[in-house]
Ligand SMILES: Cc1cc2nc3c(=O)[nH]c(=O)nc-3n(C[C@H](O)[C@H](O)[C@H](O)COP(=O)(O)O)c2cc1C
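First, one chain by itself: the form predicted on its own, in structure tokens.
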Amino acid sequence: METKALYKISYGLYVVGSKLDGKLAGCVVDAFIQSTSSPVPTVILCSIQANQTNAAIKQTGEFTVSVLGRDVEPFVIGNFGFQSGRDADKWANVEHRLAGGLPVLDKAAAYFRCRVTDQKELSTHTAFFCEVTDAWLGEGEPLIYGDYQASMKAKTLEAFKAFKETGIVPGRQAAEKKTKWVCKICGYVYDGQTPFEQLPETWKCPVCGHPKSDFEML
């Protein structure tokens, strides 16, 4: 069988956002499709059973989807696709925000929030049948999986390899000694690219959900 023939099936690339035991989780997927449009939009997500994100979706019954655009940084794909959330805090490496308590990328072509209504275990994947409970338009055109295979996969591998060798997220300056803020409730240390002082007052701890006022400077 020529498995590369499967690359000719047109679909996109997406980052799924979820939570497991209160901590942010996520992965990159390509098997995400719309199944109906009315009376309620429904979608199907196929998720690898061994992934941490699969366990997160089963625990909470909901997730977000960020539709990757043509101009996405290749590292974003590698960050969510080439490492496990059991070993790395993937969301700490990218610009993101919370939408109803679940993470989405700051920049994407569109966003969805989904609620699982049914699921079926396949040989290696779980098929989640879901209602779309909210949706937002982003900017740009969606990345097509075939285009990723043809022109972006090599760049993604290079960007992720450089990150593993240096510990520096592509596009960011080498980390300098800087002030850090820690949540007094759960101990989460904020280390995002946006200075803590510039975060909106509505920002909350991504782990325990407590407000910005419950953080103290280290």
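Quick caveat: nothing in here was measured; it's all calculated off a predicted structure. One-based numbering along the sequence shown.
Note that the form predicted in complex with the ligand isn't included here; everything after this is about it.
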Query raised in the report: Do all of L13, V28 and N51 end up near the ligand in the predicted bound form, with near meaning a heavy atom within 4.5 Å?
Result: yes
Query raised in the report: Would G85 show up as a contact with the ligand in the predicted bound form if we use heavy atoms at 4.5 Å?
Result: yes
Query raised in the report: in the predicted bound form, does I185 have a heavy atom within 4.5 Å of the ligand?
Result: no
Query raised in the report: Using heavy atoms and a 4.5 Å limit, would one call G146 a contact residue for the ligand in the predicted bound form?
Result: no
Query raised in the report: Contact between G138 and the ligand in the predicted bound form at 4.5 Å, heavy atoms?
Result: no
Query raised in the report: Using a 4.5 Å heavy atom cut-off, which stretch among 162 to 170, 58 to 66, 41 to 49, 187 to 195 contacts the ligand in the predicted bound form?
Result: 41 to 49
